[in-house]
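Read the single chain below, which is given as structure tokens and is the form predicted alone.
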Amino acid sequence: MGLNFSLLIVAALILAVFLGVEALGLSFLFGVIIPYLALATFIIGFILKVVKWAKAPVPFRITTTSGQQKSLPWIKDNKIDNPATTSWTMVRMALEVLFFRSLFKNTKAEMVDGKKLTYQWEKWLWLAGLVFHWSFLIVVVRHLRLFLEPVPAFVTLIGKVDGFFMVDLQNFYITGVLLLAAVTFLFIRRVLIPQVRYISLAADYFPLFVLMGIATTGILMKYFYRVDVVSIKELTVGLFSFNPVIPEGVSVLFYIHLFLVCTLISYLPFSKLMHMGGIFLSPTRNMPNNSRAERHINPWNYPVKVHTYAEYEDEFRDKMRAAGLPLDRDGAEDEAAATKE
């Protein structure tokens, strides 16, 4: 249900752009107004979400660990998997953000012959995730050449390295194909594995279809349907400089590509894709685990009136004695002291 619904939504979005540009001539709407609205939605939504997370109090260390915690001097601790200092926590965060270290340690558990639980090496998800995120980052950086004039040297260098191979006398960008392949793998995995398919919702399929659409339209414009790059850059530079213009000769395929990008960035702050900002505010990742070295007290604890067992026994001593329940104190000393007084 979620898969078909998401696919239908993405197809409807593409059809809406095609009809809006080709039949109704709404180039200014899809080329200027919607990109600005999408960018504003992304910035405001991102800031509000981060502020909301930052306000959440975290009084205790709830770090996710998979190694020996620092304790006695002669016990070797795992400084990365169980960091006790801020510096080692930063190292752990860097490895997590850049290389998905926790996902690399992923294993698959399954029953063999219906009675034996086995754990198997599972690295394909880690590899697909790593390829997708790095390819997406490189593609985004490479596209800066369409927004900036002059083009920064590092953007040109990344484009040359990425397009090192030549196909039919033009640069073949590896990351574009890797991006589409990685997203396709993540989609197929979600469909073919029963356990993953069972927990998948429309919110899981929708961004995958949008990303597939972005990558596919980008590849089509680059290698199959030639577009006017000069007109496209005039449009994008105008958007970036807040002096928008709609030049002649911009293909409807570009408008579809741009609209899918706008859909993705406006959807991101309200989706699971927000982990790109949330990982830095995750208390299970960004806190050193020093519970044995320091005492952490809940800052919003308030005085609570308690009824101790000794008070409870004083209150119900006679009934407890009559019921044959054991008593810490039989009360004889208290009664003798009261009589003496």
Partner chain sequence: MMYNSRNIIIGLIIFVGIFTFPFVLGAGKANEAPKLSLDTPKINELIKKEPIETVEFMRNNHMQLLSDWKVAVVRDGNRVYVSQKDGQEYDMSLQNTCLDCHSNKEQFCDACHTYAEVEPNCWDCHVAPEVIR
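Residue numbers count along the first chain shown, from 1. Values in this document were obtained by computation on a predicted structure and should not be read as measured data.
The form predicted in complex with its partner chain exists for this protein as well; it is not shown, and the discussion that follows is about that form.
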Contact residue in the predicted bound form, from 79, 145, 101, 133 (heavy atom within 4.5 Å of its partner chain): 145
Contact residue in the predicted bound form, from 279, 47, 33, 293 (heavy atom within 4.5 Å of its partner chain): 47
Stretch in contact, per heavy atom within 4.5 angstroms of its partner chain in the predicted bound form, of 203 to 211, 221 to 229, 120 to 128, 190 to 198: 221 to 229
Its partner chain in the predicted bound form: contacted by all of 42, 160 and 239, heavy atom 4.5 Å: yes
Close approach of residue 170 to its partner chain in the predicted bound form, 4.5 Å, heavy atom: yes
Close approach of residue 181 to its partner chain in the predicted bound form, 4.5 Å, heavy atom: no
Its partner chain contact at residue 304 in the predicted bound form, heavy atom, 4.5 Å: no
Its partner chain contact in the predicted bound form: residue 97, any heavy atom under 4.5 Å: no
In the predicted bound form: members of 243 to 279 within 4.5 Å of its partner chain, any heavy atom: 243, 245, 276
